[in-house]
Structure formats: structure tokens, C-alpha cells
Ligand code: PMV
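Shown next as C-alpha cells: one chain only, the form predicted alone.
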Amino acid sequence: MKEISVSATSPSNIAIVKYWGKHGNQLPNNPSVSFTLSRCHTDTQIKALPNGGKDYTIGFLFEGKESPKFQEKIEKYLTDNQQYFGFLKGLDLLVESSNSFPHSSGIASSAASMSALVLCLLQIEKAVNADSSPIDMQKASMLSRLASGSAARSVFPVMALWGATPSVPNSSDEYAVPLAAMVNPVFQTYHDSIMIVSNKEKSVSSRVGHSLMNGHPLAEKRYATARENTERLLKVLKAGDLDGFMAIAEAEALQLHEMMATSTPSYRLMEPNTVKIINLVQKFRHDTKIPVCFTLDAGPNVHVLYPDASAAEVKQFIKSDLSLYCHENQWIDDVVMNNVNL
């Protein structure tokens, strides 16, 4: 066997209905719906070198430097799910990865990085088996889920649903399904400008945050609300209902952080400037009637969401007002990944 070289780029995503709380082997306690982003992504390359039939080994570089923490995460993932990766026997792997955005700061870096890794591994499997067929994206979503729950959604453009939902055939807790065919055109060109309040690693990891939902006094109510909001959002997305979308997006973001604040132990990932940006976005919307809203991931950074028709006005508002509360006036202008920019 010759050396195999593969590469993949996979995007981050931002959930509108939030996944928070899991059971079993990376299975969600409620469904979630997300936008797939186009500019916040991970680029991964893997060189697979034949080693004469021995067990595989892994070397890992993140942005050109060794990263024992990330390497350990990859090794654990492959060990825990070895039944899917028998084709790696006899190969030594060199994995090199880089992000277009700050990692571990609440921009779903694990979703991008782990789905990019899986897409590379599936290419290696096809090369080993001399299989020229396209990658099975349902399989890619399932394997990405096992690496990082939200990564299940990153393999599909536009929007994705992860979690069994009565109104969506073939939806499952095991993998995400694409929603592009169900989404009004206004949402297929939506913008997400990410206000970088902090570029530091989060004080509490998402893994720990999920675990604190076990025994949380508000957990069951939260899961029920998320299921209701998923069904509501699917109708809103199909209808192109911007007011409905904004109401769900903001309520879901605030409830996510309420769950953190009422966990035992409790913790807060919002920072003072997070709250200032939220207040400014809501005031700007009230004063101008421009359909702009916010959401949050599990971190302090604020995702400012708005339709393409309002982009010029919102970007000027970001530059003149919101950037003052960003770390070093830093923000990322992103947009939904649609089928055109795949």
C-alpha cells in the first residue's frame, strides 16, 4: 500500500434550538436545529503511512504545534469506537489541523474539528478499500456525533436537525438530517456576525456542562421546551417568519445560560460585555425595526443574526457600536453555508 494523503474542511455551526444534556453514547436529551456556517471552519490533513501491518499510531499538530490535549482526544475517540476503524490497522497517521477562528471559546470548535477528522478518516477508508463512491453523509454524521455531539450537524449545509422529531421523517438521535429543502430562501443566506467578547478558553467545558444537567431540577422542563421550540422553529423556517425566528433564537439562548446559572455547582459564561451587546442589539431592533437578533453558544461570544437584506445596516451598527465591547474590537462576519458555496 502506498502513502495516503487526504484533507477536509468542515464548518462550525450555531444552534438555534440548543442541545444541552445527553445520555448513553453521545445521544441528545432533546433535538436541536442549527445554521451551518461557512467562514468558521477547521482544515484537517492526514497522511497515512504503511507500517507493515502493525497497530496504527497517531501524531497530531494543531496550527503547526504539538497539542497533547487534542491528540489524547483523538486517540480516545478512535479507541472507544474501534469497531468502525479497523481499516486503520497497518497505518501510521500524521494529523495536522488548523482553525479559522479561536478554539474553545464557544464557537463550536469541536463540531468543526471532529467532523473534519471524520471526513478525512472516511476518505482513508475508501482509499484502503479502493472504493470510489461518495462518502455516506449519514454515516459521517453518526461518527461525528460520537466524537462531539454538535459535530453531527456540521456535515450538512444550510441547516441541520439532530434528534428524533415527529414531524421530520428519518430524524434520529443517532445522526443529524439536512433541512435545506425545508428552509425558506430568506434563511439560506442568513448572516451570523460573531462578537468576540473573549478569545480565551472557556472556564467550564461543554462536556462538564452537559453532565451538570443530570439531576438538574429544571432539566425535564427544559427538554420539553426544546422539543416544542424545535417543532415551532421548523414551521417558522418554512414560512420565512422572521419575528418567530427571532423570538425562538433569543429565548433559547437565554434559557441555555439559565441552565448553567441554576446548575449545581452553578457557573456563568456570559461576561459584562456579553450583556451590553445583547441589550444594544435589542434596542437597535426596537428603534429601527430591522430584524436583527442574537444567540449564544456555550461561551461569552454573541452571535448576531440577520437576513441578507439588512446586512449593510447591521454591519454598520456592529462597527460603530457593538465592536466597542469586543476583545480588541474583533468580530467575525460569517454567513450560512448554502449549496452554492459548498
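Start at 1 with the first residue shown and count on from there. Remember, it's a predicted structure, so these values are computed and weren't measured experimentally.
The discussion below concerns the form predicted together with the ligand, not included here.
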Within a 4.5 Å heavy atom cut-off, is His191 in contact with the ligand in the predicted complex? no
Leu256: touches the ligand in the predicted complex, heavy atom cutoff 4.5 angstroms: yes
Ser113 versus the ligand, in the predicted complex: is there a non-hydrogen atom within 4.5 Å? no
Should Ser150 be classed as touching the ligand in the predicted complex when contacts are defined as heavy atoms within 4.5 Å? yes
Just one of Ser206, Asn99, Ser198, Thr230 has a heavy atom within 4.5 angstroms of the ligand in the predicted complex, so which one? Ser206
Could you work out which of Ala298, Cys40, Ile278, Val314 is the residue within 4.5 angstroms of the ligand in the predicted complex, going by heavy atoms? Ala298
Only one of 206 to 214, 82 to 90, 119 to 127, 182 to 190 gets a heavy atom within 4.5 Å of the ligand in the predicted complex; which is it? 206 to 214
